[in-house]
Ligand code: FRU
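Take a look at this single chain in structure tokens; it is the form predicted alone.
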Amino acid sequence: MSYKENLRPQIHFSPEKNWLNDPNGCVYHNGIYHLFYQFHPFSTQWGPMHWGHAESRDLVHWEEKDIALYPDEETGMAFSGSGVVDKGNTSGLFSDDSGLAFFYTCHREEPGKETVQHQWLAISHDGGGALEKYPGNPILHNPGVKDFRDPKVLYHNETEKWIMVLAVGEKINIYNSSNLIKWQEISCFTREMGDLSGIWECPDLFSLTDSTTGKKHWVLAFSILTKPAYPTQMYLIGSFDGCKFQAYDPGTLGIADYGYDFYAAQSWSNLPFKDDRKVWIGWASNWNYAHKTPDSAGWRGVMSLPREITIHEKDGRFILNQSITPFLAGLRPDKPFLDLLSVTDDQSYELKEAAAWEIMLEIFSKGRETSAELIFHWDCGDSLVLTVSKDHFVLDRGNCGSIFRQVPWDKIEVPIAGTEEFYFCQIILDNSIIEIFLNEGMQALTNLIFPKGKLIKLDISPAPGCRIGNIKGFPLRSIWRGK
């Protein structure tokens, strides 16, 4: 496999072949970032779930490894979960002072019976290469509910307890443990912010420190499986005392990504930073059409770029900021291919052939009536249209893949946060995915695209009173070294 097939993303992780969805078991250990994921190794359609595995030393270049977890008829499928470093060997399962512990949902389906989901434990003695199922599984039995899954485990320093957050229908249960094996329920978080009907999935809980005030905040994130699913990745910011999560504003739900294709985001545990910055990654697809995306090259499924998360206060509200910039520096040339101070009238720019593109610009506008269009063109006639103004951002992919030529999947319209007359926009355009970050990462949009040809041109058309400034365009190198 060359990793150069048509539509293969060149700076995003995708499997060499077959089906991929949710990220799982994200943990850093001994210089290696581990990324596990939901994987069906025998088809490009969803099927009996395994855990695939990839490793990286920089969160940019990835090496696909052997399958980490297998399903079987007796135990069921290996659904989503998380990983931690058991420092101090609190579980007593390791001969050394620490080891890797992984938690996942065992999903068992029996003919004529209801599906059963329990929480299981697997451990690794070799740094994540081989995972062994704990013989005393399950570590957390299903109390008799249909949806009981996706354990995210973390260590809470103040109470010296392990914490597990678990998606249970339309709520999130919280458990604690001293040894990663015996768990007790300590609280439950239910929706207080209006209609969020649908199945909650893949929760995450982590702390972030405001760099300005030094105050620690807690983030509870989760995805919602609905039809139609938009947006899909949500979060709340509040406090966590080791027992209960309390949102500062229970009636206001944060949107981590305004696009259709950012789901089941999971943060890495045990990161090597001195502060409590976090990095997470999401599955870049949507259950409404995930099985219909092109798969002629024998693979289906891609991850977003890893995103460094910080917290930002604006107008009395706390917002997650997401940045991919730290992971792109090594893929850029020394100088940009496009370097323009200002564009106030229609202009067209040829784009050289590249693995992917990063385009940064500032948008100066006084309102929706003074907008600009940025149109990317492929040699097959496909196009992607971005309409930008002071208060709105619209992405139209209706002419960039046949599955997106229907409402509502063709367009995304995002209200711009803030009232400034200009804002910064960063665009990452890979072969079949575009990620856009607005206002220094205060807002993000992730969307799949499926153009048939080669990217050749960018047109910029500002309306009177709108200016596009400080444009820099970088052709990016592929992450698939030697492929």
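All residue numbers refer to positions in the sequence shown, first residue = 1. No experiment lies behind these values; they were computed from the predicted model shown.
Omitted here: the form predicted in complex with the named molecule. The next part is about that form.
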Check residue 80 for me: does it contact the named molecule in the predicted bound form (non-hydrogen atoms, 4.5 angstroms)?
yes
is_contact(residue 261, the named molecule) in the predicted bound form, heavy atom dist at most 4.5 Å
no
Against the named molecule in the predicted bound form, would residue 283 count as a contact residue? Criterion: heavy atoms within 4.5 Å.
yes
According to a 4.5 angstroms non-hydrogen atom cut-off, is residue 149 in contact with the named molecule in the predicted bound form?
yes
At 4.5 Å by heavy atoms, is each residue in 38, 49 and 287 next to the named molecule in the predicted bound form?
yes
Which single stretch, out of 458-466, 8-16, 471-479, 21-29, brings residue heavy atoms within 4.5 Å of the named molecule in the predicted bound form?
21-29
Selected contact from 391, 382, 295, 201, since only one has a non-hydrogen atom within 4.5 angstroms of the named molecule in the predicted bound form
201
Heavy atom contacts to the named molecule in the predicted bound form at 4.5 Å, residues of 431-460 in sequence order:
none
